[in-house]
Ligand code: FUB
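Coming up is one lone chain in structure tokens, specifically the form predicted alone.
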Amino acid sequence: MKTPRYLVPNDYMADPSAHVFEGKIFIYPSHDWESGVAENDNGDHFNMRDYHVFSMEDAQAEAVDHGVALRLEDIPWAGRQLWDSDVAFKDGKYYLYFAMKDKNDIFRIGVAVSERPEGPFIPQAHPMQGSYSIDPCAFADDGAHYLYFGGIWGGQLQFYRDNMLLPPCDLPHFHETGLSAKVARLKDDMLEFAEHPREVLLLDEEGNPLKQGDTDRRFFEAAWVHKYNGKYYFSYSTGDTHLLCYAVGDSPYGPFTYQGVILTPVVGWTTHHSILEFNGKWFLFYHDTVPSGGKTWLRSMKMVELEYDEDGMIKTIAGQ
């Protein structure tokens, strides 16, 4: 299957995080709706209120909606905006990591737990201690679990230095090293960080850190990590230049060396994705805004087969 297809034609779902659980594909998207909030660079128009979970028996099957898995009003520390999420599995339980603004309008990462991949998920009373920004990505490797996160502009990553909210809360200058995602190993209980989050270092082909002004390659949001032929692939969105890019490293902590573009721009502002292997094939899950007529806050979930060349390079997919 190399032709992209929409997975949920009757609703607006975005930011799909896909995993294989119980022999099926499970997808955890954010849920867009017509909020009536004016579009702005802070992302206030993405005013999502709940999460649905979808499953697929195989890559050609219809996506089955398992209904609402978590509502904003069920989360004790909720402020507003249930943004993107991801799920990890350990010892018979599923852990949903989600980004949401607290009552002070600061993005934090929360955890909700279920005994089934489709939920419902029961939220913890408080966000993860020391968490901030958006776009959690849960990655399992050799018995350890890691959480990647971060996004600039509306994702608030520019507010932080060394994991602390510090003024002037601005982006680096164009000639300075760009902000990047954070990564931290999780505790055995999967509910908190086991260490202080570290910077995910992205390098160019000469081993130099990518600059903030290198907008076609620098990190903006939407971290995702997968493993292929023993290498760690860190993929991400460049945000305002609308590309999905990837870099490769030898450790889940990086550093990662930039390799190229996975997906060229699609219709719509944001590009947020996930990558998985299922029955010997690889797939890219992402979204665009074609069904809504280009409304950036009403996105529709898609999938397409992803391929590598003989050197392990991902073949670029044309946005369509």
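Quantities reported herein were computed from a predicted structural model and do not represent experimental measurements. Just count from 1 along the sequence shown to find any residue number.
Beyond what is shown, the protein has a form predicted together with the ligand; the following relates to that form.
Colleague: Does every residue of 30, 84 and 134 put a non-hydrogen atom within 4.5 angstroms of the ligand in the predicted bound form?
Modeller: Each of the three qualifies.
Colleague: By the heavy atom within 4.5 Å rule, which residue out of 262, 53, 48, 284 makes contact with the ligand in the predicted bound form?
Modeller: Here the answer is residue option 48.
Colleague: Which is the contacting stretch out of 175-183, 201-209, 217-225, 71-79, given heavy atoms within 4.5 Å of the ligand in the predicted bound form?
Modeller: Comparing against the ligand in the predicted bound form, the contact stretch is 217-225.
Colleague: Is residue 274 close enough to touch the ligand in the predicted bound form, meaning at least one heavy atom pair within 4.5 Å?
Modeller: Answer no; every heavy atom of residue 274 is more than 4.5 Å from the ligand in the predicted bound form.
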